Ligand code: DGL
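Next up: just one chain, as structure tokens, the form predicted alone.
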Amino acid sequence: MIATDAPIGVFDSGIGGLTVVRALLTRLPHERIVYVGDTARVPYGPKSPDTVRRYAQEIAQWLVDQGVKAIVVACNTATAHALSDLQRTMPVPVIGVVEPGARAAVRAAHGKPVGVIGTVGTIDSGAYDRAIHAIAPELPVLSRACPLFVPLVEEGWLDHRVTRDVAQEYLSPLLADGVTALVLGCTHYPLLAPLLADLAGPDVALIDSADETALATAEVLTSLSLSAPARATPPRHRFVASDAPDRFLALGQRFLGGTLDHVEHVTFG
């Protein structure tokens, strides 16, 4: 039997999934979290689906071994390639980021074109196209892979001239086609949201699936009677990196501040 005070496991290819952690902390303040950033193997986007599935299975099993009660796949590429496998093989509920993001995009689009930007793996998978069309079959969806964004974010170049030039190159075709909602289909991309909003203009809604994913997680825990009881003191969280934990700590504090004060090092593979 799964204990209600067990932690939620969250994983991503790097630091980007901390956007999901931030949303979880806001919506579920009594829950403990164990977060894994697979910084040794980031980015997942250019890797083959089989490789991503292997990485995802490995980290998900490690989280189960740590005693988590649910797993949130914060990585869009891992969600696209591995979610169904994880839901079939893991003994705890597994939630991905694609379907929640698709629901938010459909609401924001008001029947007009939706743009999706993501890693090569996420875009090639067609996961967002399928998820959006499952809700709104006639809605136009325009997708663009943006492979340079993850390394730029990992480098901390959030408003660098080079990043702005790259973003302009990526977004121009989508904006020319009249998208009114733009899905940030990688958890690293919300760190670029101010820059992307400036380039896209006020008529384009940026869709960050983190809040929707936190809501979906809350709904799953409630439906299974797994929500944590209220605590007298704030819960303690664990953060794990597969490489360069000191760098992870420095970058991660931009997301979470003092909530992230220590990073463990665990090697996978």
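Here the structure is a predicted model, which means the values were calculated and not measured. Residue numbers run from 1 along the displayed sequence.
The form predicted in complex with the ligand is left out here; the points below concern that form.
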item: is_contact(His188, the ligand) in the predicted bound form, heavy atom dist at most 4.5 Å; value: yes
item: Residue contact check: Val42 to the ligand in the predicted bound form, 4.5 Å heavy atom; value: yes
item: 4.5 Å heavy atom contact, Ile132 to the ligand in the predicted bound form; value: no
item: Contact of Leu182 with the ligand in the predicted bound form (heavy atom, 4.5 Å); value: no
item: In the predicted bound form, segment of 101 to 109, 69 to 77, 82 to 90, 167 to 175 with a heavy atom within 4.5 Å of the ligand; value: 69 to 77
item: Site test, Asp12, Thr119 and Thr122 vs the ligand in the predicted bound form, non-hydrogen atom cutoff 4.5 Å; value: yes
item: Stretch 136 to 166 - residues with a heavy atom within 4.5 Å of the ligand in the predicted bound form; value: Val150
